[in-house]
Ligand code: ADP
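Single chain ahead, written as structure tokens, the form predicted alone.
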Amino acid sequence: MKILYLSPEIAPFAKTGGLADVARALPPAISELGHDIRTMMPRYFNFDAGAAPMERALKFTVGMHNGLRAASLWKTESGGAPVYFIANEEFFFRDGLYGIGDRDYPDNLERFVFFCKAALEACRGIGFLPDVIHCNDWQTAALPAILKLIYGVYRRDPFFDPLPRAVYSIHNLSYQGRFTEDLWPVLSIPRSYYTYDFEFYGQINLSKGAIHFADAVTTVSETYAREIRETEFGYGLQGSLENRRADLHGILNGVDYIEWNPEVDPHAYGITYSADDLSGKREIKSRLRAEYGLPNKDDVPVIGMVARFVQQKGMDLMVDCAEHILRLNAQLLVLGSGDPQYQDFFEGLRRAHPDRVGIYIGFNNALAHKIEAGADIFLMPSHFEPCGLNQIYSLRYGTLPVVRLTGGLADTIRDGENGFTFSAFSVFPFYEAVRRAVDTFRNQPEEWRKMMRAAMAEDYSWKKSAEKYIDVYRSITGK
């Protein structure tokens, strides 16, 4: 099967979030199953050109609503699968991927409609007719409609015969691609499709259009697939998703066990360990404590947290619960950044409890690995979490997660078996779950080791996820 995997970001070339990691890992896993999959993303100004050598494969033009625009196609490989980059200085030669700070670029609709059209034209230019085009998040959400209507109905392009099938993956539905109605001409689609397929409270909603026009819709966990249909996490698109219920699939993201594996991890002081020999974990914990000036006491658990400091990640619960958690005679190590109010809170918490709290404000990949490896307990009290990856990393490192039962957290963590869970998004259930974790660590060492072994035996490799995506592709192509 031939697949074009379209993403606005792919690690290590450009990254703002977890989508980039998915776009790096999933296509090679699909390739290993014997399929011809090629990934494509914009070539941004801050693109990491040193990540891999590349060559220009094509120069071409793209028909936009206001005339032809120049584009070029560059090519390299990542993980054994071809990666292509769409270049255009006007649209992508900028400091940020989608905006500067909290402000989006005002021409984002035009930028990413160009990307979608350029991807199709690039396929023609290199003679690659995919069976499936797999789109990811709002930046690629215009493609299913453009493909079906412009190339399949109004222009009847002979190259795209048979017309590829389209899959649309939702990684976080709170980001939908909404734009003012006056920008409709940018899409180059007849106005008659606006009202039913794209209109959302007087605005253009690209995700709504993709949900309507894609042959299949996927999201990143089974529970999140239900939540976006039935709860407020659908952000107004519950009806559209319910209409496509038969074509909506929840497929849990995998993780890279080469990058996240305590048996080979080079980031944790060069110390490794396994389920059969946990001595390295104790040594990493001692080194981590020394790094942050925390006393090295056997009966005091280290509780780790690596997260963006935003409401989605449950920071309000942390503000209300942190002092109570510390009174359990526990130590807290937090890595992250985000809203200034939460950064100020954690800084204040460290000043008040320097012997129990360590904080790092910012991004630090090596420290994230050290916390996963050296902590005993890992906190993820998310308001919502489409998939979540840190809880899966924690499992492999024998660092038992405390999570709220939402999205992918609910699909991966089983209370009392490989972690601890709570349901209601409120202070007491969260605190009680942490208290149970601390009590088990301190007073039930045999039970704790049993849970650690169960956690470290879990398998969330990309191969399993890739096989499920192939099943979706087959269901819509008949191949």
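One-based numbering along the sequence shown. By rigid core we mean the largest C-alpha set that fits within 1.5 Å across both forms. Please read these numbers as outputs of a predicted model, since none were measured by experiment.
We do not show the form predicted together with the named molecule, though everything after this point is about it.
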Residue within 4.5 Å of the named molecule in the predicted complex by heavy atom, from 145, 335, 251, 248, is 335
Checking 267, 324, 308, 353 against the named molecule in the predicted complex, the residue with a non-hydrogen atom inside 4.5 angstroms turns out to be 308
Spell out, yes or no, whether the shortest heavy atom distance between residue 313 and the named molecule in the predicted complex is within 4.5 Å.
-> yes
Could you tell me if residue 12 has a non-hydrogen atom within 4.5 Å of the named molecule in the predicted complex?
-> no
Taking 4.5 angstroms as the cut-off for heavy atoms, does residue 362 touch the named molecule in the predicted complex?
-> yes
Taking the shortest heavy atom distance, is residue 168 within 4.5 Å of the named molecule in the predicted complex?
-> no
Options 386-394, 106-114, 284-292, 119-127; stretch whose heavy atom lies within 4.5 Å of the named molecule in the predicted complex | 386-394
Align both forms on the core first, then report whether residue 366 has a C-alpha shift of 2 Å or more between this form and the one not shown.
-> yes
Comparing between this form and the one not shown on the rigid core: C-alpha of residue 337 shifted by 2 Å or more?
-> yes
